[in-house]
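Okay, so here's just one chain, in structure tokens, the form predicted on its own.
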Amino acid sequence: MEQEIKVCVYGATGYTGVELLRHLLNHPHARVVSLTSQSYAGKRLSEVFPQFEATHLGSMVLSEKPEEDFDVAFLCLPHETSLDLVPKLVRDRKKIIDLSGAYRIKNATKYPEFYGFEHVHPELLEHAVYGIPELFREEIKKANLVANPGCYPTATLLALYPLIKSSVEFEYVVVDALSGVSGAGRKVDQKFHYPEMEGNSFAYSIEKHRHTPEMEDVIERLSGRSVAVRFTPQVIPVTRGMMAKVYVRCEKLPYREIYRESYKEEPFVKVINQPPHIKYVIGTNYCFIFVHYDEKTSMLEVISVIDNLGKGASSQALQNFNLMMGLEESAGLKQTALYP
């Protein structure tokens, strides 16, 4: 009999929850036994999302709390909600993959400034493993709590990792990043309404964005030194997809060969010979990377594209699930991009 792992998805009706369910439908070992939702408790999943009517998940009833025991919890919840739920799940000996930002940064003092709350469970920060498999695979395999990364940090850190791995010297990082509107979630916000967003684009949180300390924290953990990140996020009028353009000043080296060597064994990171389009990765767990060194400015530009709801959230969470449970890493994740 094939291994069966019982899964609960908390916050199943947000964008990341629905995307996670889409991937779980194709997973050979995961069985979804509970779906929670505060907004739609008591409704069948297919009443809220009719696209699930044709699937075995469509008849599942959403509940405020899990109604059946489970092995693994996916938390597609607000940061503060995950913050308080994680300790209970840890006590109940559940494996946890938290898609919020509640446990991503090791330094508890950063949370009041960047998240607006005191981190009241700092003892768990040390046990949380940051969930980019290409960077922390062995730690994820042994983890009980994985802090699934943000979408901007995923795209950025995958763009930087070969430089850190090869001990390339650089003093600071500039990140100019573009994201689809789904990155803002399903909450109602006037500036993301269709008449406001169509044909429009704008930068936001320029002075201070919560993903900046997340990126700096991981860079320091990997390199052993403090590196400042200048990060400017922008929203563009597409539903999903993300592009991070990452710039560092460094010496001239054969960077394409360095990147190909770094990622040659990675199933979901592809180094290509032309600047990638966002559409190359929509609906997938892939990251496509292009590298260019400009001799005039001594600047390396790395362009990284991911699906912000895929490799930037839900499909990466499933990749982490596979590692935690000792499964084939690509199980349920072999889709190619939606086209056109």
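So that there is no doubt, residue numbering starts at 1 and follows the sequence shown. In this text, all values refer to a predicted model and were calculated from it rather than measured experimentally.
As for the form predicted together with another copy of the chain, it is not shown, yet the points below apply to it.
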One residue of Met197, Ile219, Leu135, Leu77 in contact with another copy of the chain, assessed in the model of the complex (non-hydrogen atom, 4.5 angstroms):
Met197
Work out which of Lys187, Lys142, Lys252, Lys264 lies within 4.5 Å of another copy of the chain in the model of the complex, going by heavy atoms.
Lys187
Please determine whether Ser82 contacts another copy of the chain in the model of the complex, using a 4.5 Å cut-off between heavy atoms.
no
Does any part of Leu25 reach within 4.5 Å of another copy of the chain in the model of the complex? Heavy atoms only, please.
yes
Contact label in the model of the complex: Leu35 to another copy of the chain, heavy atom within 4.5 Å
no
Would Arg240 show up as a contact with another copy of the chain in the model of the complex if we use heavy atoms at 4.5 Å?
yes
Using a 4.5 Å heavy atom cut-off, which stretch among 127 to 135, 67 to 75, 224 to 232, 84 to 92 contacts another copy of the chain in the model of the complex?
224 to 232
Going through 201 to 223, which residues have a heavy atom within 4.5 Å of another copy of the chain in the model of the complex? Please give them in sequence order.
Ser201, Phe202, Ala203, Ile206, Glu207, Thr212, Glu216
